[in-house]
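Only one chain is given next, in structure tokens, and it is the form predicted alone.
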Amino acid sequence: MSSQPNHPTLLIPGPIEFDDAVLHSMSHYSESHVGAPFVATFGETLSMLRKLFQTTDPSSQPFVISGSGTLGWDLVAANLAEPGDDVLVLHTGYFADSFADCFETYGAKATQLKAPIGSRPQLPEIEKALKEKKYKLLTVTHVDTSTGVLSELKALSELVHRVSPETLVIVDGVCSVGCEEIEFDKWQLDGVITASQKAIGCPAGLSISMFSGRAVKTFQARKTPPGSYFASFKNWLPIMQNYEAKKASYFATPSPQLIHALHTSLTQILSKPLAERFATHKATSQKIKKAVTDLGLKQLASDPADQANGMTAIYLPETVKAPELLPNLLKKGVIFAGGLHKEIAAKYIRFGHMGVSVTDSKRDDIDRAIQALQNGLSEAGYQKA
């Protein structure tokens, strides 16, 4: 039994439901951020992130910095791109627009390669773009939270390394790390940015990332200073290296309570094989997507190969409006998210299925959500054709 007060089950694409032990860790007594006990916890947390991202390369570097997932964009744009650099942004939804805007803020020139809503840029067109211009970086949103589109990383990285080997491969994994397979070393990724509040299952407030040795060398070879102070690798790199080596270090005060919560969450995640965790998310996702199809509804991502395993974006029937359906679902004890993609925001809803709602067999979150959706649609007058 959960010790949490009764509350509607949060099934949006992040923040997600949190385990009791993780929330308990948030109530850790106050301690010095440079004291030996906390330094040990932070160091272990950084080492565990290497296992989550599946990297054993000592030149790769994990970062955990107070901030939202959005801070990850600044880390990439401020440190790995310089004013005037060309960057290729693969577009599968709302968050590619924002990442491109971040690059432009720092003076880089972002070119977006866009796909139709619910799809992703295809490898031949990506190869064509890479051959037409030299790009310093290529970015891809692994799962775009606005559309539920999953991008394939392994083949993409192989393509970039073959066609444009100097281009860094950067992954926005905010909605994928912890529920989608990511093999940092094997796939030769240069950066993966994420956040604490989604599939990692820790309250919001931590920007989490992993960068390759090649990315760090790119930073070290900059001709101009980083465009940010707080997000500068110059300031954070020695801090992270020291913490992982269990040495006290200081640039900006971290949140000890959030680090304790992340430590607990990572300990839980790594207590079982990652392959098992990913398989459980995939099986749950397929169950939900079958239920959506059985209701006569369609997903934004129509091709199963493009469908994320940690969320589902569902087109509503024309007769059902989100502002009416979502409050009704709330009354049934389930919280879904409305649409986010600006071109079709009113036409769909988003169902998040990550973390303990999926992995804890004692919870019935998913079954209750499917039933609530079915009943809510029926009460809104929808009948399957």
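Numbers follow the displayed sequence, beginning with 1. For clarity, every value in this text was computed on a predicted model and none was experimentally measured.
Keep in mind the form predicted together with another copy of the chain is missing from the figure; the text below concerns it.
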Q | Among the candidates S47, S68, T319, S59, the residue which, in the predicted complex, approaches another copy of the chain to within 4.5 Å (heavy atoms) | A | S68
Q: Using heavy atoms only and a 4.5 Å cut-off, determine which of Q268, T280, S164, S255 is in contact with another copy of the chain in the predicted complex.
A: S255
(Q) Please determine whether Q4 contacts another copy of the chain in the predicted complex, using a 4.5 Å cut-off between heavy atoms. (A) yes
Q: Spell out, yes or no, whether the shortest heavy atom distance between D190 and another copy of the chain in the predicted complex is within 4.5 Å.
A: no
Q) Does the 4.5 Å heavy atom contact test between D360 and another copy of the chain in the predicted complex come out positive? A) no
Q. Might Q197 be said to contact another copy of the chain in the predicted complex, defining contact as any heavy atom within 4.5 Å?
A. yes
Q) Just one of 211 to 219, 307 to 315, 285 to 293, 224 to 232 has heavy atoms within 4.5 Å of another copy of the chain in the predicted complex; which? A) 224 to 232
Q: Residue by residue through 78 to 94, tell me which have a non-hydrogen atom within 4.5 angstroms of another copy of the chain in the predicted complex.
A: Y94
